[in-house]
Ligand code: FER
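Consider the single chain below, provided in structure tokens and representing the form predicted alone.
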Amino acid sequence: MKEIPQAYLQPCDQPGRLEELEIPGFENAVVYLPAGYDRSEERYSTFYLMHGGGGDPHSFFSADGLLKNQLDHMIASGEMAPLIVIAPTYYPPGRKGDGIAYSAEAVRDFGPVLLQTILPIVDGKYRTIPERYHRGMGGFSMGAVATWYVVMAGTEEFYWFMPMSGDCWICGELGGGQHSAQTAGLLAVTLRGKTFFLHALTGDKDIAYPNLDPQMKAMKEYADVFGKNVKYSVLPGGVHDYPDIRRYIYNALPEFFSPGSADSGES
């Protein structure tokens, strides 16, 4: 995968801005608005970005500004079109430290909240393009697990998916590794005949690799469903942390909302 240019870690001379968005029953989401948003009437594609277990929306948009700077530069350089990024959370206030068992429950239940509550709030407040081809979702670790649940239930609202360093738990915790064939089969049954694009990414030194890799290999058995609209990328030496996740975003996000990717993704 391409490395993020070092200049992209520094502030950009065409900066977007961040603001918080209230979500009933949950901690506030963080919203990235691209440069020029406040001066135009343009409508934008939206990408929903989910943090890892024990984190929150500021895990991506932290005080170091690294992801914001990166997005600013990616847009300013023309590597991707301006877009709105929404970083919500699956945790109600005060629950993010309650352990993996609660996190598993929270991500399982998050899909309906996203589809029925958060999408209408975002589309009502911001100048989005409220169509599935202009909506994407991705997440890191437990955020990837949340993304896989929306892959299963949300293709009427989303077209683009980016699970990073996390497998599908539809067959139980760590199901992508422990029940890879069953997981792939359920995904295939659910998604057969539906249109979508999915790019899964991880590193070969990532703690999630032993669970995601068997699932992605099992999905290759269903070429009629996943043959041209699924990509799987593995970063040599990649580990389970936000610097590598930012690199995955740098490589994969420019594919989103692109007719070329929708038509000719690789498995």
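These figures come from a predicted structure and were not determined experimentally. One rule holds for the numbers: they count along the sequence shown, beginning at 1.
This next part talks about the form predicted in complex with this ligand, which is not shown.
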**Prompt:** Hey, in the predicted complex, is I207 touching this ligand, heavy atoms inside 4.5 Å?
**Reply:** yes
**Request:** Mark L174 yes when one of its heavy atoms lies within 4.5 Å of a heavy atom of this ligand in the predicted complex, and no otherwise.
**Result:** yes
**Item:** Non-hydrogen atom contact I100 with this ligand in the predicted complex at 4.5 angstroms
**Value:** yes
**Message:** I'd like to know if T46 sits close to this ligand in the predicted complex, meaning any non-hydrogen atom pair within 4.5 angstroms.
**Reply:** no
**Request:** From the candidate stretches 80-88, 135-143, 184-192, 115-123, select the single one in contact with this ligand in the predicted complex, where contact means a heavy atom within 4.5 Å.
**Result:** 135-143
**Residues of 47-72 having any heavy atom within 4.5 Å of this ligand in the predicted complex, listed in sequence order** = G53
